[in-house]
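For reference, the chain that follows is the form predicted alone, supplied as structure tokens.
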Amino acid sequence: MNMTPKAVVIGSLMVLTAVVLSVIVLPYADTSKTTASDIYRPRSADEAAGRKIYIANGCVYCHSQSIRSIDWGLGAERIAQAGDYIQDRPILLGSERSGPDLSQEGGEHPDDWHRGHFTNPRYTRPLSIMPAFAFLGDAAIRVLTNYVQSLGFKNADRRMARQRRWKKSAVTAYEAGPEANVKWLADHVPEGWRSVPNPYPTSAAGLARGHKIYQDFCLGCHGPVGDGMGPAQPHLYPPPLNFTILKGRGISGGILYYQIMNGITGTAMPYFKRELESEKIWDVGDYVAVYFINQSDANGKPRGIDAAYEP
């Protein structure tokens, strides 16, 4: 075959046609058939405005919005589907998880937690590397929060309804005074947990580990002396729990464990069951009990078999 100008032009057009067919036409023909997923709903105007703020501030550079079958963390109960993204232009799948995936973030926290978090992430997550967005101002942070609370669509709506329902109860209990508030918190811990003591004996090493965990996860809300006056406090209502009011109110190691593990829906207290394994929760619970409540049931009765490695 002679490499004539005519052959070059025809060959180039054939290659270009094949590329356009394989890269544009065939994928479009396939994706245009995508239907809405079971959780999809249109976004409100406020949520769409929040999405623009999310894009403008580069949030997608650190947060993905796609859960895979191999994932374990936030949102892993539901694998992402093509029908979740039919409204999105552009689709914010992302490829970097410097922060958590946000595809199912809606309703994981109440609105006030997000307002504190966007103002300064270290308020709610002391080890966060996320930049502060206080410069956006309260109005823009509110709109951005509305967008984040929509992530997960109908599932997020159900979680938000749960947050609002429990927030009413939490606020009522807080405003009723310390005794009623502590009773409300303890009453919502299953009976079996209330009588369980911390199974590990108090030790210098255990308290040191508890102190480190407290600094890494709890300091921003509960403050350095456990009085609930951390830097996040002005943004949260009901405010973070003042641990010092728990003395003499029958708060067992099991109650502390359960609430650290599962969080307290409706308040800014998140769950830590995905981030802290069992002993770390017991250690930070004992740290709180020893230093802020001034009473610990560590290694008390009823006792089981001692662990193989235990002081």
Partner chain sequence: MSNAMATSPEKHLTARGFCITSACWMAVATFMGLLGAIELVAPDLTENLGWIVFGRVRPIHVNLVLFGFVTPGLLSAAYYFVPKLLRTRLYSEKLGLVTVITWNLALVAGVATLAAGLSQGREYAELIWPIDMAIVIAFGLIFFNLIMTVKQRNEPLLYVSVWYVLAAALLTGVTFALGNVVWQPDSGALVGIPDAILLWFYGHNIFGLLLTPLSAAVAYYVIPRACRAPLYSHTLSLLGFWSLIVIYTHVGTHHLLQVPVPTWLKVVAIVDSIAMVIPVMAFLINIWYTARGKLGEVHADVGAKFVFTGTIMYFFVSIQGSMMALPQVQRVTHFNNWVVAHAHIGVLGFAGMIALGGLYYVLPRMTGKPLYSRFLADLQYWLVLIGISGFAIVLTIVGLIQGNAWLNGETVYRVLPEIHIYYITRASLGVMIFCGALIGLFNIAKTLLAPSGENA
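Take the two forms, superpose them, and find the largest set of C-alpha atoms that agree within 1.5 Å; that set is the rigid core. Computed from a prediction, not measured in an experiment: that's the story for all the values here. Positions refer to the first chain, counted from 1.
Keep in mind that the form predicted in complex with the partner chain is not shown, yet the notes after this line are about it.
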query	finding
4.5 Å heavy atom contact, A56 and the partner chain in the predicted complex	yes
Contact test in the predicted complex: P90 vs the partner chain, heavy atoms, 4.5 Å	yes
4.5 Å heavy atom contact, R249 and the partner chain in the predicted complex	no
Interface membership of S37, the partner chain in the predicted complex, 4.5 Å heavy atom rule	no
Listed residue (V225, V171, A132, A161) with a non-hydrogen atom within 4.5 angstroms of the partner chain in the predicted complex	A132
One residue of F217, W193, F153, W113 in contact with the partner chain, assessed in the predicted complex (non-hydrogen atom, 4.5 angstroms)	F217
Every residue of I86, R125 and E275 near the partner chain in the predicted complex, heavy atom within 4.5 Å	yes
Which of 182-190, 198-206, 236-244, 78-86 lines the interface with the partner chain in the predicted complex (heavy atom within 4.5 Å)	78-86
Interface residues of 11-27 toward the partner chain, as seen in the predicted complex [heavy atoms, 4.5 Å]	G11, S12, L13, V15, L16, V19, V20, S22, V23, I24, L26, P27
Rigid core superposed: V9 CA moves 2 Å or more between the shown form and the other one	yes
